[in-house]
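One chain comes next, on its own, written as structure tokens: the form predicted alone.
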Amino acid sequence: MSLISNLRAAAAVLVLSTAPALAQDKILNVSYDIARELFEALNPVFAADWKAKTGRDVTIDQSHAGSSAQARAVLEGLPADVVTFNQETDIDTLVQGGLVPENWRELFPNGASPYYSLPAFLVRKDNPKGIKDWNDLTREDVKVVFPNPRTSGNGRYTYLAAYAYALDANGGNQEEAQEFITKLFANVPVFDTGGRAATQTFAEREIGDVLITFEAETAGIAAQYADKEFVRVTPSVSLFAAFPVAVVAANAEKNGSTEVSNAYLSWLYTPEAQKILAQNHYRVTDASVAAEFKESLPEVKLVTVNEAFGGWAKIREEHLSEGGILETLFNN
């Protein structure tokens, strides 16, 4: 080989060795306890979409625990790029910690909630206790399983939904609603810290007559434990449960993931993602996808936190604060 050929070969090796590696993106999605299977279905589809649009690969890591516990973990240093929670107050906690902008609800459509659900019931084969509505859960012969509302967004929604039902049934009488909740709490044999643990208590440890969790989760559990022939029950009244999302701006900027983090959450509103959400039994915001799955989602009277409680700020002040209504009733 000539000297010129050798020089050319050496130059080629030098160019190859100094060329930048193919760009790689990586984000951590910190989410609520029962969302594992949902994001296992969503993430590969987003990764393929991102690759097609940008030519870049993306790795999406997941972290799951009770929503409120996750918010505290992010405050304490868990490096979330995005959060996909099941309660708005948990994102507001990150706002107070300076990690998420105050206007986070305005940064994505529908108040930054691409899908929603509601607390519903799962009962044992043939529904032997005849459980149909919230009032059945305060009977002496019924044992109820749901996660601790002080540590779990799932459990907190159950508490608020039961409270809203009681207000709806008694004409808004607060004292009677609190008596109802006291009876409900007394029928709970064990308060697990998150929704997944509560599911295991009901389905695997076979404790309780009814499990209360998000409607979407009741369908997933029934399918997972098909041999047990659990029955799904939709109550007459329940609480609209938004599933809010946000970019943890402070972390994303530090991690260089702001672009892909915003794209990830925006993608949840696309028909492709909405269909996956609906297939996982969540109620979705895309009208055409919602119509396609209408038959699988029974009608239910849904009340909002604004209608029943005057908004999340009032709930935090009156119910969730130290010494508030929840703590008082929980310790009765």
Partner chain sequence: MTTASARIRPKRVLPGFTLSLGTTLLYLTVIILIPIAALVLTGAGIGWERFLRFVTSNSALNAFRVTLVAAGIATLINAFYGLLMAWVLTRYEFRGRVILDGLMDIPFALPTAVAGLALTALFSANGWFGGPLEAAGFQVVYALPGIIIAMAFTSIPFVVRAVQPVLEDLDPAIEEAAKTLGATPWQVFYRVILPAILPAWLGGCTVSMARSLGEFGAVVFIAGNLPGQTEIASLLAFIRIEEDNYAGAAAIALVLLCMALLLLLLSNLFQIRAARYREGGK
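Residue numbers count along the first chain shown, from 1. Here the structure is a predicted model, which means the values were calculated and not measured.
Omitted from view is the form predicted in complex with its partner chain, to which the following refers.
Mark E76 yes when one of its heavy atoms lies within 4.5 Å of a heavy atom of its partner chain in the predicted complex, and no otherwise. Yes.
Look up in the predicted complex whether W104 has a non-hydrogen atom within 4.5 angstroms of its partner chain, and give yes or no. No, W104 is distant from the partner.
Might K125 be said to contact its partner chain in the predicted complex, defining contact as any heavy atom within 4.5 Å? Although its partner chain is absent here, K125 would stay clear of it in the predicted complex, with no heavy atoms inside 4.5 Å.
Could you confirm whether V188 comes within 4.5 Å of its partner chain in the predicted complex, counting heavy atoms only? Residue-level check for V188: yes, a contact with its partner chain.
State the residue from T151, S257, T89, T138 whose non-hydrogen atoms include one within 4.5 Å of its partner chain in the predicted complex. Exactly one residue meets the criterion: T151.
Partner-contacting position among I207, V231, A169, V142 - heavy atom within 4.5 Å of its partner chain in the predicted complex: Contact check passes for I207.
Heavy atoms, 4.5 Å, its partner chain in the predicted complex: which of 289-297, 302-310, 61-69, 270-278 makes the cut? Say which one. Of the options, only 61-69 has residues within 4.5 Å of the partner.
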